[in-house]
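In the block that follows, a single chain appears as structure tokens, in the form predicted on its own.
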Amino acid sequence: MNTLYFDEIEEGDELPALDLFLSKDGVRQFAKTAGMYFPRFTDDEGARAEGLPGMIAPGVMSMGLLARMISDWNPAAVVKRIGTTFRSPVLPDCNVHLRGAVTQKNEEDHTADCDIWMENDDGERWVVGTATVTLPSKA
């Protein structure tokens, strides 16, 4: 993906979708690397013992994937802030789809606000949020 400059984006622009398979092994690897090797993130039985439907992905992993979508859209964008709401546990071993759209451009500081979300194959939005990114200027 090429660099997008502030002047090249418009409110309403959609960020390119990022579709991927979220595997249990990938979640375990992330949890281990992040020092979050807890049963809820590593095995179904341990997660069920905590009252969950099965192992889940850590929230920070979902936020990281949303940040990756922004970085894939524009490698020169600097993520200043991401805020998310977790509507449902993110269950691995399924496809997840990351989406986003520019909702507001701020001329003063060359930032853009974006709606971002993660959904499953049925279009259920498991994670929703907003991000503010700084974009480069040609001037």
Partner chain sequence: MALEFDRSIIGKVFDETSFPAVTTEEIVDYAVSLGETNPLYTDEVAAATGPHGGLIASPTFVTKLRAQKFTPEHLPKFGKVGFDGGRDLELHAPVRPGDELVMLSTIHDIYEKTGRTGSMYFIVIRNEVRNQKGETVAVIDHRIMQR
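Fair warning: this is a prediction, and the values are worked out from it, not measured in the lab. Positions refer to the first chain, counted from 1.
Below: the form predicted in complex with its partner chain, not depicted.
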Contacting member of S71, T111, T103, T42, with respect to its partner chain in the model of the complex [4.5 Å, heavy atom]: S71
L65, heavy atom within 4.5 angstroms of its partner chain in the model of the complex: yes
4.5 Å heavy atom contact, N95 and its partner chain in the model of the complex: no
4.5 angstroms heavy atom contact with its partner chain in the model of the complex for A49: no
Exercise: M61 in contact with its partner chain in the model of the complex, heavy atom 4.5 Å: yes
Neighbours of its partner chain in the model of the complex among 80-113 [non-hydrogen atom within 4.5 angstroms]: K80, R81, I82, G83, T84, T85, F86
